[in-house]
Every structure is written in C-alpha cells, then in structure tokens.
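What follows is one chain in structure tokens, specifically the form predicted on its own.
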Amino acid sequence: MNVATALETRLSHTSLDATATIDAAELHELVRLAQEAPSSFNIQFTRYIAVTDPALKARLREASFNQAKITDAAAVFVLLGDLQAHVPYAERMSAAAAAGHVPQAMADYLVNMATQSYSDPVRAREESARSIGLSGMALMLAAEERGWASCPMIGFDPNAYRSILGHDERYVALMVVAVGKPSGPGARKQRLPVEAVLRVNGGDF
C-alpha cells in the first residue's frame, strides 16, 4: 500500500470488533513506525501507553464519555506529551557529542536553543501537541498498512487517565488512538475541496 492509497482509504472507525486481539510484537512495531515522525530538534516529545487489558480499558471507557470503541479496540494507544523532554535531550546530545556523532559546539547550540524554547511549559505543551499530531498520524497510517483500523480521539478526561494509568504529571495525555479490527465497512467523511483550503503565495480565505 502506497502513501496516497493509505490516505485515501483510511477511515476513522468508530465501530470495532471487540473479539480482536493484538500481540506485544505488533504493538512494538506500530510504535517503532510511529516514532519515525519528526519532532522539533528531534527531541521526541511523544510517549505511548498501549492498553490491552480489558479491565483497564473498561476504566478508561468511563473516563472517555462511555465511548464503546475504547473497550472494543484491540489496543488503546494513549499518546502523552513529555513536558520535560528537553531535559533528557540534553543528556542525549552530550552523549552524541562524546561519541563523535555531532560536534560539541553544535550539540551545545542545539541544547541551548531547545532549553530556551521548552523550559516554558506552555511552549512545551504546544510542541507536544504538534509532535503528537504527527506521530499519531504516523501510527494510524502504520496501522492501516498492517491491516488494522484506527480512530483518533480527544473525548476523554486527561486527569482521570493519569489517575488510572499512573503516569507522572510531566506527561500530558493529548490524544488517544483506538486500534482494532473494523466491525463494519465504515463510511468516508466528506473533505473540503482543495480550492477551499489552499492559497498559493498568500491570500485570504
């Protein structure tokens, strides 16, 4: 399946087969592919919690306005933004410079720029949202290519999710992607025409 076909055929499936299961190797591969998405300074703000346990999915469903796709999904991927991702980035760049992969001066420059930008929690959250948007789409396309259906979700209580999943406050749940097998054909939603959303070299809409 090429990229154009994946984009043109992918649907947000709201009805999933509750009997479908997914193994650990497949979870690993989907996240590995999603991690190929770009991020600012290659900081990699996105963290993933894959939930497959039925009891845990039932609790997440309660915190997701009782949406059935949470419990019907083979896996519920909770995408978290790391608001302190710039801290380990500094450690990574220091190790890269020590190993000779990047000049020390360049490593110092990048770390300084990233630290100035993302020590501000508002900017860190904004960049987390951008990174999660990119990695979430990469995850859905990877799922599509591997025969899975998916549905992105924002209808959930992040604080309740944190309580259920036990992650630190530095990690903010910004998107959920339900992955499973479709229980029906689904329907493609209408997109705005290109003429309505594109202007070349400026102009108003």
Ligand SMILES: Cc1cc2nc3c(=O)[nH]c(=O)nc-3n(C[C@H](O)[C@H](O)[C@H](O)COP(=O)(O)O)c2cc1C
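Everything numeric here is computed off the predicted structure, so don't read it as measured data. For every residue, the number given is its place in the sequence shown, counted from 1.
Form predicted in complex with the named molecule: not shown, discussed below.
Heavy atoms within 4.5 Å of the named molecule in the predicted bound form map, among the stretches 154-162, 22-30, 49-57, 35-43, onto 154-162 alone. In the predicted bound form, none of the heavy atoms of residue 183 sits within 4.5 Å of a heavy atom of the named molecule.
Though the partner is left out of this view, residue 18 does not reach within 4.5 Å of the named molecule in the predicted bound form, counting heavy atoms only.
In the predicted bound form, the named molecule lies within 4.5 Å of some heavy atom of residue 175. Along 27-57, a non-hydrogen atom within 4.5 Å of the named molecule in the predicted bound form is carried by no residue at all.
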